[in-house]
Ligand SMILES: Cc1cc2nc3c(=O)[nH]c(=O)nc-3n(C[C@H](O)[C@H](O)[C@H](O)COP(=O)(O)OP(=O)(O)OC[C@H]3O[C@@H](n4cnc5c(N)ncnc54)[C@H](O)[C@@H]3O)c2cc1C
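Have a look below at one chain only, the form predicted alone, in structure tokens format.
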């Protein structure tokens, strides 16, 4: 679905190469697109008439077990960071796929299996090395270029190219993880039980629910991921309502290490057609769960809906501490449209958009931009909120007044 044609693609080996590329872009008056992991379905890593800075060769990761920190290049994937961290029994919250790029996930938020215990990915960012539109190299942290650091944590790739990230790591050893699968026909029973369990879940428990129907085979399921950080027996007790109280057709929950958990969903091949759309929610009422179940069970909708609770550590960070716009939400709901045939584009896109519209009565703010193929029709001011958006625009004017970095959920300087 992404058909765009850049003027030039560069693959830097180090920071000086990135500086050279950006100075060339300025002299040639070229806008810049940035490729980190290339995982996002919106296709922001490539732009018509752009210079694409492809960071995939800058993936070095260095773990310091004494300070419990890790630094990684802007092209690193989570599997590049997770594995060396786990050699020392350490990890930082990533997403839910090992082949996701560290940069895109971090700059937009970062919801994953360790989030309730240790926060969003961006909550664990200690510092960043940024090459700005004019080719200057800056360090951003709480103590240096603090306003840029604030904006990077939720404002996406609007302000420069982050060529290095430094994260706080946490002790993460053997945990209870895996997935529970249920019949699609049981969705109306399973989803409320899962919702009630997660409404009062402790920080130790992360679980995401998904209802899904394959557009080719017509087969579907309801799925709940499980990640319990703590005593294994306590974890089994915590999810007993999902295992003993219901009847999963597959119970894959077992002791495992974090790197295994990050491969829980497998890998999606490139070349599929995608459109994702959703909203942050204040509640997940019976009415919405029933509406969602009926859409897949009775109406035969293909695609999926992912429900993610937002509890624990992220809720204890002040809303204004970072640019991330979902702190006040309790849930995140996203329609994941995935298909193969071009002739289905219009129908599939409208299905995803229609589901998002159905979430309006319960929404808080906008949607999770890391998942969004496009921002809401009302624009980014709605997504971020007026006060946060204006603060982001001030930072944008300072570091990218010409909007060189525009191939993103773009915060225009004026």
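Residue numbers count along the first chain shown, from 1. Fair warning: this is a prediction, and the values are worked out from it, not measured in the lab.
Just so it is clear, the following notes concern the form predicted in complex with the named molecule, a form of the same protein that is not shown.
Only one segment in the set 211-219, 180-188, 134-142, 96-104 has residues whose heavy atoms sit within 4.5 Å of the named molecule in the model of the complex; it is 96-104.
Contact check at 4.5 Å (heavy atoms) against the named molecule in the model of the complex: all three of 74, 110 and 370 pass. 45 is the sole member of 70, 45, 51, 359 with a non-hydrogen atom within 4.5 Å of the named molecule in the model of the complex.
Checked against the named molecule in the model of the complex, the candidates 61, 349, 41, 30 yield a single residue with a heavy atom inside 4.5 Å, and that residue is 41. At least one heavy atom of residue 35 is located within 4.5 Å of the named molecule in the model of the complex.
Looking at residue 161, you'd find a heavy atom of it within 4.5 angstroms of the named molecule in the model of the complex. The named molecule in the model of the complex is approached by residue 276, whose closest heavy atom lies within 4.5 angstroms of it. When contacts are judged by a 4.5 Å heavy atom cut-off, residue 199 does not count as touching the named molecule in the model of the complex.
Shown here without the named molecule, the chain has only 268 in 256-272 lying with a heavy atom within 4.5 Å of that partner in the model of the complex.
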